[in-house]
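One chain comes next, on its own, written out as structure tokens in the form predicted alone.
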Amino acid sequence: MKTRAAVLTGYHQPFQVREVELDEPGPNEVLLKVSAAGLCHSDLHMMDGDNVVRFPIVGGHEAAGIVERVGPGVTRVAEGDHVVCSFIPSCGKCRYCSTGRQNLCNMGATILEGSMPDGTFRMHDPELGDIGAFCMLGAFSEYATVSELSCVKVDDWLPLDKAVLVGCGVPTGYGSAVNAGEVKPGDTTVIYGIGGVGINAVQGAVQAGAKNVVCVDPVAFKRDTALEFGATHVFATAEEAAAAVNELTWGEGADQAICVVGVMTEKVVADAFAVIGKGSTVVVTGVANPANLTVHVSGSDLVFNQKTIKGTLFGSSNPQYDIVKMLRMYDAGKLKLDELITARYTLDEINEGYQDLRDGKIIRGIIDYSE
């Protein structure tokens, strides 16, 4: 069948919206009619060369939609099911899945290649050849053939244009605070970067009971949004935040520092390491080009103050469990999703949407296929 999709053909190039051929679902695969796709900074990393990917590739790794058809052997979902796709597939059988670390599933090895786990592709073009699907999804397409390992069945009364956000940004940010940072009641938590991931770190820290949720972002609009989501203090610079934390904690330092800026830098990690106190934790969620060494700290400070620096993928969340849990929290009024969406775009407006993301104009944007 044919589908319209936003294709990247190289680094530092805009998306090209074009009609491509899409294969029918094979064994253990699903044909998904995509309802909504999220605009996430990870796709900018792909465009800018911070993620080394194979071109051509269809972008988008946050997808929600309705199952049109299933291939042989599919057991997780059925035709007509509403699903949210996880950008990390989870097989349920490998060492990591079987020990409760689905976010590290071995089946995620091909997500930058854009192929299925068997190394083959489902999108094709007479001019471009085989086309990859970012994170095995390619959400910037009206239809997608995906592995059932990427599908999470969700309650069918939930709005898919909101549910799509729990495919990446929400659990990544929320889990960075709650799972990786282990925020506890009374803690002081500092969050660097209030974008689509950072704003959910705010939600997580607030719900976990942090006494002080201190946010750092140079964009006034994002600082204001953080306050709306429960932040207690906001600052434009790390230096201002550090002075406030010193006063708020009587010189003891923060309990957690969550680094969720769009492009990680050595300064952000160093500022985070300096702001935490003894026995406290820096969580690094944001990424940069793999060639950039962004963690440079004093080994003596690390040892004598027993500090921890840890990375987290998908907020150390488990897709099959946490996506459903978060949507039921949303359904119960315990998690904000509607308020995250700053703007909606059509597929043809995708480059405009990513320019808005670069310019700091949006917290979260979505491609709304109903439009």
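Numbers follow the displayed sequence, beginning with 1. Just so you know, these numbers come straight off a predicted model, no measurement behind them.
Same protein, other form: the form predicted in complex with a small molecule, not shown, and the subject of what follows.
- Contact between Thr342 and the small molecule in the predicted complex is not found at the 4.5 Å heavy atom cutoff.
- In the predicted complex, Gly71 stays away from the small molecule, with no heavy atom inside 4.5 Å.
- Shown alone here, Gly181 lies farther than 4.5 Å from the small molecule in the predicted complex, counting heavy atoms only.
- Though the partner is left out of this view, Val261 does reach within 4.5 Å of the small molecule in the predicted complex, counting heavy atoms only.
- Just one listed stretch, out of 40-48, 24-32, 298-306, 334-342, contacts the small molecule in the predicted complex at the 4.5 Å heavy atom level, and that stretch is 40-48.
- The partner is absent here; in the predicted complex, the one residue of Val268, Met116, Ile131, Val214 having a heavy atom within 4.5 Å of the small molecule is Val268.
- Contact with the small molecule in the predicted complex, judged by any heavy atom within 4.5 Å, is made by just one of Ala144, Val197, Cys85, Ala254: Val197.
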